[in-house]
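What follows is one chain in structure tokens, specifically the form predicted on its own.
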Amino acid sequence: MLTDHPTSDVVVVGAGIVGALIGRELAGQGRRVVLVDPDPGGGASVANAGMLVPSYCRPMATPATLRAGMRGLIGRDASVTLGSFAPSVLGWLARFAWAARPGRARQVATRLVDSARTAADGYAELAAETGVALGLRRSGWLQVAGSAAVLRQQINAAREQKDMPFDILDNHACLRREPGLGPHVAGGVHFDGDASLDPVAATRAALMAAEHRGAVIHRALMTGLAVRDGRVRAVHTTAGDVSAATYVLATGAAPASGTQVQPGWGWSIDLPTVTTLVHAPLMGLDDHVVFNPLAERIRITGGMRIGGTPSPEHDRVAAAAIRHAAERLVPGLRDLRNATVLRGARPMTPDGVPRIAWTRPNLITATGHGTLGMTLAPSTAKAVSALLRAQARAPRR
């Protein structure tokens, strides 16, 4: 039964890294918060690469990615593929093509970098608050290329990003930093301002902090919204209705996020090891494979499949391709066994800009972070808080 006298101030739907940090932020301000999620602290966030990367705040919608996507459609490039020809996906692709016009990526990157710069500090505060070891490392990010042409492209892209210090490394310098690399690396670019962490630990710590500050966890799946007179009155869930004065949708790539968001499926492979094969975060530019060395394991992440839902066969093929690319770059990985494969759906907007805004008089949508969910989650929590404060100050009509 719906009520016009809600018992909570805010219902946040989605308890991945974005939703959990929003819940922590709002509960810390004394608001009565309910987090709704069937698997709190799970979902796509725990399959994240775990990178905090101001240097990577470029939207996917660029002419180069558009060309890669077209090659993927005809089977000549596996870095970007299409998982569905549904009208919603084709419409998204049309908007993506429009957003990929030259020069626009630089404008979007400028909007995202400032938010990304504070990510590592935000997670350091989370670790201090909870006492959870997040594996936070501020060791920068080395991006290496197997070909001189790919290296030139990355150097040019790095030069376009203002106030983003980087170093260009030749083959020998790359091998000094990472002796486990194969010998045929052309060179690399190192971004000193980037950081990394364990995404599983970070997501669970965010949820722990939200609960410690008073947020209540409602372990259930949202099945819909009850809307009357243009306002949301309740969230329908598999365990009953939940009502509040204000609602926040932090549902990632779920259908509730809206037609402007499509899932960008990616895969992570965790390889247990006590051997230091990779000393610090690493990326292979040729295949867009990311390495994050964590406690007693290496996480390898890659792939971008737009739309649809991958099958187990897709998972097998994607994981094999990612691992093959990783082993070409770091040959010592071939000796590691007992891999765990995770699949996650990145919420992709056509233009690469997250959607953090009022979408109804009492509903905020916070999604569309793409590959930057872990990087932008702390600033998103503050942005949602700012929207609520601004509404509270606005004169009533």
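Numbers for residues come from their place in the sequence shown, where the first is 1. The structure presented is a predicted model; accordingly, all values stated were derived computationally and were not measured.
Absent from the display: the form predicted together with a small molecule. The rest refers to it.
Of the stretches 355-363, 326-334, 24-32, 46-54, only 46-54 has residues with a heavy atom within 4.5 Å of the small molecule in the predicted bound form. Contact between Ala381 and the small molecule in the predicted bound form is not found at the 4.5 Å heavy atom cutoff.
Interface residue remark: Phe96 is not counted as part of the site for the small molecule in the predicted bound form, having no heavy atom within 4.5 Å. Taking non-hydrogen atoms only, Gly252 approaches the small molecule to within 4.5 angstroms in the predicted bound form. For the chain shown alone, Ala239 is not a contact residue for the small molecule in the predicted bound form, no non-hydrogen atom being within 4.5 angstroms. Checked against the small molecule in the predicted bound form, the candidates Val80, Val108, Met222, Leu271 yield a single residue with a heavy atom inside 4.5 Å, and that residue is Met222.
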